[in-house]
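Below sits a lone chain in structure tokens, taken as the form predicted on its own.
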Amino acid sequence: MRTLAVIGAGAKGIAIAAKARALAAAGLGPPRVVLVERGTPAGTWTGDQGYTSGLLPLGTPPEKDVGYPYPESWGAASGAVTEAMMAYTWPRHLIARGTYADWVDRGRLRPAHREWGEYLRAVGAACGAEIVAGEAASLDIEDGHWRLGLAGGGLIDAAGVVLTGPGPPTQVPGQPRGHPLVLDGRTFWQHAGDLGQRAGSICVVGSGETAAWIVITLAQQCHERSTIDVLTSRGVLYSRGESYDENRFYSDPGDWPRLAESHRREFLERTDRGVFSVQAEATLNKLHGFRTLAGRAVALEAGQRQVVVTIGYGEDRERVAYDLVIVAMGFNSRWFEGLLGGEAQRRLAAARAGDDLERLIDVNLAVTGLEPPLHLPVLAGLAQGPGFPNLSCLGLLSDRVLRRYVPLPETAPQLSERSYRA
């Protein structure tokens, strides 16, 4: 049996494992799915590893669970696959806990991140997800297969690899590691409880969802004499659109490739990258004590008592000293490149031929022209649809990936194997 290795046992990895189990129940032959996880499964949602306090509300509706949008990707077998996936829905999880009626009566509230993590772990247990504890240390191609090396020893041979997870936080030039006055989108949550009585000047660099909830937490906890500057390259804080015409592309990206590339990029900028959710914006509107500054952080200089931020806006440069700086500009989606060995780097470079990697993600969410397949859903937004990098279509994501390894029924709808370019 072929093995599909998934680095990360979070929402995407568990969704793929659940779909593989559903395919097996429907009589289709899925690959063996192995999830490689260095920490607790779905651990980034708990607050124990940073990234969140665990108490923040989920940005997407929980009905967009591991099977959503339950597409008919498997022809005559689609009904059987969907029926099997019903065991892993969000409502089924609440019913099993005896809290479904309470959730409905309270208006179907967004669960906290910690609750979402509990749901994902429950799905992983229910589908029998095979999870290998370990950290991916190397990834190379040998004899037509991927060789995934684990820190501390151990190798996994795989016909394909899926890379998930947010990656490390994006950094500003000069940003030190482990400095008490410079935090990021992961470490802030590990120190948030210590910041409550800190008075002084604070700078939050970024304008996305992570930055939004960091500002909210600071505004609620810090001393009333504290000042919070939110540094955004756009000059204004924008909220995410929630109209049907926008949301439909997240659930069903069938028409997405027909849009011009410039329009797809604009859509991603307006609805997903560097914008606040409606929930975060509603909370921010009730708070005081922060202001928005136009510009980008060009460099950081961290001293013992203050951090100097060089702010660039157009051709202008200004140096401003702060008592605390939180860099919340998102996470590095290209983190995996540091794992690649010589042969993998050579083949990836040949497949790219100097092109932007985001433009080369094919219908299976893998890099076009690279064999064996390397699936990069976190980079698939531009070419294949805005929902793949996040939680908006986990069921369709798992279908796209697994269709690369499962023989298609004759009645199954065919998918174009080309990547879409402007």
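From a predicted model like this one, the values you see are computed outputs, not experimental measurements. Residue indices: 1-based, along the sequence shown.
The same protein also has a form predicted in complex with a small molecule, omitted here; what follows describes it.
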Since only the chain is shown here, I'm wondering whether Phe331 would be in contact with the small molecule in the predicted bound form (any heavy atom pair within 4.5 Å).
yes
Report whether the minimum heavy atom distance between Ala136 and the small molecule in the predicted bound form is within 4.5 Å.
yes
So in the predicted bound form, does any heavy atom of Gly43 sit within 4.5 Å of the small molecule?
yes
Examine His113 and determine whether its closest non-hydrogen atom to the small molecule in the predicted bound form is within 4.5 angstroms.
yes
Triplet Gly8, Gln49 and Pro389 all within 4.5 Å of the small molecule in the predicted bound form via a heavy atom
yes
With the small molecule left out of view, choose which of Pro169, Gly274, Gly165, Pro253 has a non-hydrogen atom within 4.5 angstroms of it in the predicted bound form.
Gly165
What is the one choice in Tyr313, Tyr100, Tyr238, Trp335 with a heavy atom within 4.5 Å of the small molecule in the predicted bound form?
Trp335
Among 366-374, 65-73, 34-42, 352-360, which stretch has residues whose heavy atoms lie within 4.5 Å of the small molecule in the predicted bound form?
34-42
